[in-house]
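Okay, so here's just one chain, in structure tokens, the form predicted alone.
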Amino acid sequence: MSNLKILVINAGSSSLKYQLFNTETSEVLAKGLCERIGIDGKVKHTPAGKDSYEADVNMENHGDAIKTVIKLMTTGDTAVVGSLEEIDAVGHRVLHGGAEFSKSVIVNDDVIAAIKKCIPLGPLHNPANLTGILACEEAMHGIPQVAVFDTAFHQTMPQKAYLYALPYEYYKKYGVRRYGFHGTSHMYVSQKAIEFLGKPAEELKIIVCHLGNGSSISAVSGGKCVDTSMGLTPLEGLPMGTRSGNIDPAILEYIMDNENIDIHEMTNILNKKSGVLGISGISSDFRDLYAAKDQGNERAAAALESFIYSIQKFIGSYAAAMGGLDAVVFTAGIGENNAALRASVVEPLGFMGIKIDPKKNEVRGTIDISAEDATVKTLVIPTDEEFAIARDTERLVSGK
């Protein structure tokens, strides 16, 4: 990598997370969070090697938040660079790129227009992501901006994987198809797995299990995504912390009629009140579920079993779709940190050659946790979506 300083931005509706990377050393020079933007404004800024700085700062909009970040990074005891000119580029996480983008791009007027066009596909995230881009353009005029799309890595899926069995006109008119999400994580982790396995990408078939409050699974053959569990939106696929995952679509009308609710409330239930929270009635946090299960709570146990069972089904179906399997990779908050869940997932998959060593499974960090007689590797690889964004941004602005 070149010795560039890349600022990575992840803008939410009322928040803005950031990290500043030195790409040569992979060091995080500073990281932080601006939240309650447009309300009362709070910032937490952590320079490398120093204590965190926290303060109440009036931030009327994302432009104010960016100015706050720049001031903290360039002046006083919180500074990590001498001036704004030392920042070489800004990489932005953008949720939905539709079918427009199969890779990250340098932001220009056409890219901004395309992100706006995708707002109906990502109504909660794309407007905020776009606001972050525009705020940076105004406050950091002349510094290159790069859009890194959550959906891009999955654009290599074949038509048989991304088409829904709906009238074809909905695909042509409205772009109704599977897009997939967590793409930056799936790209980063699958590349790390390929490096770890030490074989050409073309020879490898890998399943990546990104398991967190939001969870998704991807099938990666020859270094390219050929299928993924999330769909038009992040609601499809596994049951998650609060999202339902795959259900019979007729359930919606049935519940709406019986509960006398409209589609907006129904969608809110599917996104925020379902998943393991909905089954357990306790929590969307898997640590709470395991604690409740240990105390004999049957609904907590049922929620965990449903989640694990769904992961097993996706692993089996993706291995079949790829015609083989070389490695299963666990990543993200639950995938990286919950040894008990990993053990439960792979336990019935021995017939596929997937077996883990219980002692290795208890070790933290990037590791091969496979048993000696396993014919399919099981890996744990911590994801780093922010660094992946920085790496993609560096590649684009340096012309690689």
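Numbers for residues come from their place in the sequence shown, where the first is 1. Source: prediction; values computed, not measured.
Here the subject shifts to the form predicted in complex with adenosine-5'-diphosphate, a form of this protein not shown in this document.
Using a 4.5 Å cutoff between non-hydrogen atoms, Glu86 does not count as a contact of adenosine-5'-diphosphate in the predicted complex. In the predicted complex, at least one heavy atom of Gly333 sits within 4.5 Å of adenosine-5'-diphosphate.
Pro239 falls outside the set of residues with a heavy atom inside 4.5 Å of adenosine-5'-diphosphate in the predicted complex. In the predicted complex, adenosine-5'-diphosphate sits within 4.5 Å of a heavy atom belonging to Ser284. None of 319-327, 192-200, 217-225, 285-293 except one has non-hydrogen atoms within 4.5 angstroms of adenosine-5'-diphosphate in the predicted complex; the exception is 285-293.
Checked against adenosine-5'-diphosphate in the predicted complex, the residues Asn213, Asn297, Thr156, Thr267 give one hit for a heavy atom within 4.5 Å, which is Asn213. Residue Asn337 is the sole member of 336-358 found to place a heavy atom within 4.5 Å of adenosine-5'-diphosphate in the predicted complex.
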